[in-house]
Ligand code: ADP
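Next up: just one chain, as C-alpha cells, the form predicted alone.
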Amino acid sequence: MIHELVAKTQAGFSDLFGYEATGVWSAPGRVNLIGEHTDYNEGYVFPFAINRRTFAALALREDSTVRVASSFSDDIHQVDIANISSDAKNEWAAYPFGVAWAIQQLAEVSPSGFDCFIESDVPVGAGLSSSAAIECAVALGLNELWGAGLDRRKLARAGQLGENEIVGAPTGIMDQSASLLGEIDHGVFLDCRSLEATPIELGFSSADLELLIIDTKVAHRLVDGGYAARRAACETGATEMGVTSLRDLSIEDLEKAKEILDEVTFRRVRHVVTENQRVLDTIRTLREAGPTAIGQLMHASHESMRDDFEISVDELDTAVETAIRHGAIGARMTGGGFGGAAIALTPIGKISEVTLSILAEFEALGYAKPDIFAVSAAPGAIREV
C-alpha cells in the first residue's frame, strides 16, 4: 500500500507541475495512548506513530515561489517564501507553509522556493494528527533539500512553531514528536518540559491485542474556542497556584487547589495533574505487567476528560462504553476532543464483536456511521525515494 501511495504522490506532482519531484518523504499520523492536554502544561504524554502516513513530493525551484497542492483539494496554494504569514487564508496549506517559515526561524538557511504535492491515508478530523503528518513529511524534505541540518527534535519544534504562529493553533509538541520519533511496536514517552523522548515497548502483538481506532466522524477543529479556553484555564490555575506550569503540581496539591481555585478551573487542573500521573503509571505498568494491565488507566483517563476537562461528546462516550462492554481491555477518547476518535485496546478474538456492537449502537442512536480500523505502532518520518 505504501509503495502505491509513493507512486501516486510522484505522479500527482509530475502531472500538476510538469516535471519530476526530487524525492518523496513520508510521516505517520499518531494516536495518543494516554496523556491528553498535558503537553502544553509541560507534562507527560505517551503517543505512538501509526501505520497511516502522509507523503510529500518536493522539488526546489530557482525562484522564491512556493506552490503546494494535494490529492484531496483542487486548489494550488501559492506564496512567496519571504511572505508566509498568519494573515493569509491558506486553509490546509498553512501547515506546509508554516513549517517552511519555521525552519527559517530555527536554522541558518538561504531558502529557495519549492513545489510540493501531498497524498495521505491519515484520516482528517479524527484526532490522528493528519496536520502533524503533513508538517513532518514536508519538514524532513525541506531540511534535506535546504541543508538546514536540524535534528528530529528541532524538526518537531519547527512543526509546532509553524502551527502556533502561522496556522494559529496553540498546540504542544506531542504530535510532531510522535511522527518524527516513532518506532515499530514502541510508544514515545515524552517529557514535554525537557523534550526528552524515550521509546517504550508496547508488546501489543505478543499479547494478542490490537488497538482499534473508532473515528466517530464528528470533526473537531483545534482553532475553535474550546481548546483555547481549556488552555487558558490551565494557565490561570498554574498562576493562582504559584507555579510556572501544572507540571509542578502533584496529586497531593489538589486539596489546596480545591480551596483556592474556582470550581471549573479546579476541575481543569485536576484533569491535568491526574493525567500526568496516569501516564507515569501506564509506563510503569507496561514495564512490570504488560499491556493487558493498562485498561483501567485508559478508562480513568476517559472519565477525567469527560467529567473534569469536559471535552468528550456523546459519540465518543458511546464508543468507549460499548467497546468495554463487549470485551475491550481499555478504551478512551483520544486527541484534542470535541469530536474525533476513540481508541479501544482489544483482544484479537474480540475485534469483530466490538466492531459490530459499536456499529449497531451508533445506528440505533442515529449517529453517523463510524469508521473503525486497527493500527499498529510504526516508524517515524522517512525519505521514501
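Predicted model, so just to flag it, every value in this text is computed and none were measured. Counting begins at 1, following the sequence as shown. Rigid core (definition): largest C-alpha set, two forms, superposition within 1.5 Å.
Omitted from view is the form predicted together with the ligand, to which the following refers.
Visitor: Just to be sure I understand the contacts: of Leu202, Leu181, Ile118, Leu246, which is the one whose heavy atoms reach within 4.5 angstroms of the ligand in the predicted complex?
Guide: Filtering the options by heavy-atom distance leaves Ile118.
Visitor: To verify the annotation, which of these, Trp146, Trp92, Phe266, Phe189, has a non-hydrogen atom within 4.5 Å of the ligand in the predicted complex?
Guide: Exactly one listed residue reaches within 4.5 Å, namely Trp92.
Visitor: Taking heavy atoms and a 4.5 Å cut-off, does Thr285 contact the ligand in the predicted complex?
Guide: Thr285 lies outside the contact set for the ligand.
Visitor: Just to confirm, Leu142 within 4.5 Å of the ligand in the predicted complex by heavy atoms?
Guide: Taking the distances in the predicted complex, the answer for Leu142 is no, it never comes within 4.5 Å of the ligand.
Visitor: Is Pro123 close enough to the ligand in the predicted complex to count, meaning some heavy atom within 4.5 Å?
Guide: Residue-level check for Pro123: yes, a contact with the ligand.
Visitor: If you check in the predicted complex, is Leu128 within 4.5 Å of the ligand, heavy atoms only?
Guide: Result yes; Leu128 sits at the interface with the ligand in the predicted complex.
Visitor: Which single stretch, out of 238-246, 129-137, 276-284, 78-86, brings residue heavy atoms within 4.5 Å of the ligand in the predicted complex?
Guide: Heavy-atom contact with the partner occurs in 129-137.
Visitor: In sequence order, which positions of 64-82 have a non-hydrogen atom within 4.5 Å of the ligand in the predicted complex?
Guide: Heavy-atom contacts to the ligand in the predicted complex: Ser70, Phe72.
Visitor: If the two forms are fitted on the core, does Pro47 show a Cα displacement reaching 2 angstroms between the shown form and the other one?
Guide: No, Pro47 moves less than 2 Å.
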